[in-house]
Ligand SMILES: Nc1ncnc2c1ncn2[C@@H]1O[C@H](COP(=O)(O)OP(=O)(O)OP(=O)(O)O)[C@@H](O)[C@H]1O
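This document starts with one chain, in the form predicted alone, laid out as structure tokens.
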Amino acid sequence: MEKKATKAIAVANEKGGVGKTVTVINLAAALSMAGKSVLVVDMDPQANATKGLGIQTDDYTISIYDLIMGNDGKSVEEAVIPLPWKGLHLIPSHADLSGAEIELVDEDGRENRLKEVLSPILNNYDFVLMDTPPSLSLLTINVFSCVSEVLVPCQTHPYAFGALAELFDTIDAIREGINPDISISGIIPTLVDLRTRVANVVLDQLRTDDRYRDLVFNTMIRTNTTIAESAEVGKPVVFYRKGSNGAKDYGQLVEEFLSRG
């Protein structure tokens, strides 16, 4: 496969329920629609990105857990699943990944295990998008050691806004101690309902706070039931229902994302 100037990007937030996984799924799908080759790496033991992309794993599926733990000498190339949509690929997760942190606790270089595993294929794609657990863990640190950028979905809710400072501090610590090249490249307002006062207040806070305002995307991902429906049937919303607000929002997000370079 042709070598590319890959952007490896984590989609992360230390608070759950902010639209992190649906952003991974639909940003990846919309990028593939724009002609980009994309690899999704599901690093969340809940495997929701795997399911949301229509993949049901079984005992014969090679998962990111198998690769990290070196099970049976499986290669990363064998683990990549081509998805039904052109340019879109997946390395699936598995519930066993939840035990990796304990299994790796005494291993040297444990924070770089994912980077070592992906290095043979990391430059085969235009973008590598990594889903992360909704908490800081060794799995999250592995992702942060492997990427150059972090995209942060932020639900327009006070709790989600309040959690940003902790994530930014975590990224600063990773930059100082493990990966000097990592940076936060954008904050994506998610689950936005402009009919509510709280959504408008949080949006205003995001756009005026000195630490965040230059990172906030103009594109908002509106609250949209079609996004949840599409995840349930294992199909990105941009393919599931192209005329929906969810598909339009992610299409617009990709345009803005690519325009930022």
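Values in this document were obtained by computation on a predicted structure and should not be read as measured data. A residue's number is simply how far along the shown sequence it sits, counting from 1.
The following text describes the form predicted together with the ligand, which does not appear among the structures shown.
Of the candidates Leu253, Val18, Ala10, Ala247, Val18 is the one whose heavy atoms come within 4.5 Å of the ligand in the predicted complex; the others do not. Taking a 4.5 Å heavy atom cutoff to the ligand in the predicted complex, the contact residue among Thr219, Thr57, Gln205, Thr223 is Thr223. When the ligand is considered in the predicted complex, Ala231 lines it closely, a heavy atom lying within 4.5 Å. Although the partner is absent here, Met43 is not a contact residue: none of its heavy atoms lies within 4.5 angstroms of the ligand in the predicted complex. Remark: Gly186 does not count among the residues lining the ligand in the predicted complex, judged by a heavy atom distance of 4.5 Å or less. Taking the partner from elsewhere, Ile64 is found to have every heavy atom lying beyond 4.5 Å of the ligand in the predicted complex. Stretch 44-52 is the answer when you ask which of 44-52, 196-204, 28-36, 65-73 has residues with heavy atoms within 4.5 Å of the ligand in the predicted complex. The three residues Val22, Pro134 and Leu191 all sit with a heavy atom within 4.5 Å of the ligand in the predicted complex.
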